[in-house]
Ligand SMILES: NC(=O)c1ccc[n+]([C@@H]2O[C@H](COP(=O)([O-])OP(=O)(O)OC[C@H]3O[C@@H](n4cnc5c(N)ncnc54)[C@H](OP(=O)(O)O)[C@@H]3O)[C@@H](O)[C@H]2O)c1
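Shown below, as structure tokens, is a lone chain in the form predicted alone; questions about how it binds or moves come after it.
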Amino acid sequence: MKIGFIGCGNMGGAVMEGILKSGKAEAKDVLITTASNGKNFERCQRLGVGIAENNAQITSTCDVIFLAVKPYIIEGVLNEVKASWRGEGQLVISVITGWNLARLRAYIPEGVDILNTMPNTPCLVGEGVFALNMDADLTKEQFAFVEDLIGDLGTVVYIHENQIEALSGVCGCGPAYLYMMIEAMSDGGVAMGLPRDLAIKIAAQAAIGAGKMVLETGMHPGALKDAVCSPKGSTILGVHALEKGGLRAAAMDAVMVTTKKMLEMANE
């Protein structure tokens, strides 16, 4: 089985490298296109994957094709490869924001199966979220194949197409928000005397631990927060400071504004 990646930037590269790390594919079976300069090209050379001369080489030879270019150039790419699809038996997996099934089908011929998805970059370390559109016209066996291919990259969830933008607002963009929180907490630690590397390490581990507590206990985040807040304790004072700073409303606004932006992109 030959796996192709049209685009191998931050998102495509994370998925590609995650699949290689999981052992679900070998470098010799992966073919990618990427700009011939910069860190992404160097990473692909280091990993030993094949580098295609053009996008048409991928659509004419690969069995599974990840579309992972930026949304603003995908139309040009799909026009470029319009006559080069091999056809029956090919599966396209799109990770492109704002492109639903109908929009993709307008450029990809019948006979080529299409699945639009929404992963996030922590797939690179096996802790991502990979959402699959359950409304795609795939068989149970095809969905099972995709889930097996990307299952080691993190948590696989199934959503309806009209939920993709909201999901992306939470977990597609969410890592950026959490990185900011880790950085801010480490800044506070440095301000109070901790070395920078230690402050970052423990703030990041606190984020990992809190996430695992939510997932593994099944408790509501609010209940877990309450369990840390003792009467007249230090944590409740910190929670009060965050509430005064508008953390909760700001986080909600971040998800809502990014979701609206993606809906605008989908309707362009």
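Fair warning: this is a prediction, and the values are worked out from it, not measured in the lab. When you see a residue number, it is the position in the sequence shown, counting from 1.
Another form, the form predicted together with the ligand, is not on view; read the next lines as being about it.
Would you mind picking out the stretch of 61-69, 197-205, 212-220, 233-241 that comes within 4.5 angstroms of the ligand in the model of the complex, counting non-hydrogen atoms? Only one stretch passes the 4.5 Å heavy-atom test: 61-69.
Run the contact test on M11, N40 and I73 with a 4.5 Å heavy atom cut-off to the ligand in the model of the complex and return yes or no. Affirmative, all three are within 4.5 Å.
Name the residue from N116, S186, Q90, T97 that puts a heavy atom within 4.5 Å of the ligand in the model of the complex. Answer to the contact question: T97.
Name the single residue among Q142, T121, Q163, T155 that comes within 4.5 Å of the ligand in the model of the complex, judging by heavy atoms. Flagged contact: T121.
Within 4.5 Å, heavy atoms only: does G172 come near the ligand in the model of the complex? Yes - in the model of the complex, heavy atoms of G172 and the ligand come within 4.5 Å of each other.
Taking heavy atoms only, is V77 within 4.5 angstroms of the ligand in the model of the complex? Heavy-atom contact with the ligand at 4.5 Å: present for V77.
In the model of the complex, does G4 have a heavy atom within 4.5 Å of the ligand? Result no; G4 lies far from the ligand in the model of the complex.
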